[in-house]
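Here we start with a single chain on its own, the form predicted alone, put down as structure tokens.
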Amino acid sequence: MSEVRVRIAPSPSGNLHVGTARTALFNYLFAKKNNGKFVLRIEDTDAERTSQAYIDNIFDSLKALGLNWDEGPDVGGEYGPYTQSERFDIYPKYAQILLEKGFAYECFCTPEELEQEKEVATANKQAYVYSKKCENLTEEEKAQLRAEGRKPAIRFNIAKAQKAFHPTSELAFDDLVKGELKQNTDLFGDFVIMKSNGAPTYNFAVVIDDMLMKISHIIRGEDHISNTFKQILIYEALGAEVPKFGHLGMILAPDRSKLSKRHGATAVSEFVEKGYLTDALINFVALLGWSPSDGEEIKPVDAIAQDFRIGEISSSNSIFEYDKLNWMNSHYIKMLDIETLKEKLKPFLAKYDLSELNDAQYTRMVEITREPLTILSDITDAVPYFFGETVEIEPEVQTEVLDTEVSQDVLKAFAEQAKGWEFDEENLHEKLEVFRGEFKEKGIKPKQTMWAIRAAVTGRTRGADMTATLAILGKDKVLKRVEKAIK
């Protein structure tokens, strides 16, 4: 195949998982690095589990990550349709070709008969392999079974395909990530490619789709390795060129178990809802099993694409380190210009009345609270004291700070002096310096002095720059809170 063409083919049975997003990313990077095409195909043959909401989530998540496809259900292309359920009229034609070539046969076995075969294998402590009892049925026998109302499935004949194209029962291919992989195809058994209801199975439909869409490289998870051996034989039986395959290691949780919701977010949309920046998420995901040549981990997608080398992807599993993602996301938050950050934070400030602040005040609030943000949603709990007339005092702050004699003396003095202050930052800085000095002469540490004021005004002992906070709140609101804290 002269042109590099890769695809991502998610099943819309759930929101886009971060593991699928990594597979999509590596396909996207490979396409960009090789001036190829990145194709999106929706594999929605499982009608019971398919949902339009999940299809929308796949679209939205990939677009949010910047993984825009060259061909797909919404943008079209010369090899469509790109939704598998719209391609059902295609598959029977190729199943018929395999039947005529002798690489497939009709199977009339009932589910009960197949289950009985499996039970016998289990009783004999053997791995189940289909008995092939339908392989050599005569036309008369088939007619009789049809007369009984049986509808045949179509099975792929592993042994015939293997013998036709390979000298032994061992099948090998050179994996782009893992190197040479081998398998004894005698262990597979003849698998169904078309069900008795006329629907194609995964292994058959995916080969036909990839073949007709001229997919040159298939990069996917290592859980597909056993499928790959079967699919190679189908390609060969159809006389089609076999694509190059690359299988990625799994993404595991920090405890090395399968990544699941009990560890935290797993779907791309969940990360976005929690306040992760998609630029940070895609940068982090790119490093799951791959590393840049210059050791610089913070890189935009375009720069990663230029450096991407599929042969250097680790063949091992990767650990999804939430702490590292948080660090990277914090870094990306710091890189945002203030106007962009202001807009991105608004959804996480919906519980507050932003109209209480003018634009200058809102800008300043973001400036003084952005430093410790790990994810955008951290802002929600970081700023409640900027809103409302009163403030909720944390219980330990009340007893350990505000109720002390020192704090009460500080607050009384502050309430009296601050009435005559101008509440702009420059003036407040000067006034507070003098104020702290006065109490330092009385043996009160400046830290204790500011604790008392902060506790009364914010209800906390930690928070954003105090001078800026007082300026944003304004004299009236500050004095009301301080006076309420005085016994």
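Computed from a predicted structure; not experimentally measured. From 1 onward, residues are counted along the sequence shown.
A second form of this protein, the form predicted together with glutamic acid (GLU), is not displayed here; the remarks below concern that form.
Novice: Within 4.5 Å of glutamic acid (GLU) in the predicted bound form, heavy atoms considered, which of Y352, Y235, Y130, Y202?
Specialist: Of Y352, Y235, Y130, Y202, the residue with a heavy atom within 4.5 Å of glutamic acid (GLU) in the predicted bound form is Y202.
Novice: With glutamic acid (GLU) left out of view, choose which of D60, E425, E43, D70 has a non-hydrogen atom within 4.5 angstroms of it in the predicted bound form.
Specialist: Going through each option in turn, the one that passes is E43.
Novice: Would you mind picking out the stretch of 155-163, 216-224, 370-378, 285-293 that comes within 4.5 angstroms of glutamic acid (GLU) in the predicted bound form, counting non-hydrogen atoms?
Specialist: Contact criterion met by 216-224 only.
Novice: V206 near glutamic acid (GLU) in the predicted bound form, any heavy atom under 4.5 Å?
Specialist: Yes, V206 sits close enough to glutamic acid (GLU) in the predicted bound form that at least one of its heavy atoms falls within 4.5 Å.
Novice: Please tell me whether any heavy atom belonging to V18 falls inside 4.5 Å of a heavy atom of glutamic acid (GLU), as the geometry stands in the predicted bound form.
Specialist: Taking the distances in the predicted bound form, the answer for V18 is no, it never comes within 4.5 Å of glutamic acid (GLU).
Novice: May I ask you to check whether A464 falls inside a 4.5 Å heavy atom distance of glutamic acid (GLU) in the predicted bound form?
Specialist: No, no contact at 4.5 Å.
Novice: Just to confirm, L470 within 4.5 Å of glutamic acid (GLU) in the predicted bound form by heavy atoms?
Specialist: Result no; L470 lies far from glutamic acid (GLU) in the predicted bound form.
Novice: Counting only non-hydrogen atoms and a 4.5 Å cut-off, give the residues of 6-31 close to glutamic acid (GLU) in the predicted bound form.
Specialist: The stretch 6-31, when checked against glutamic acid (GLU) in the predicted bound form, contributes R7, A9, P10, S11 at the 4.5 Å heavy-atom cut-off.
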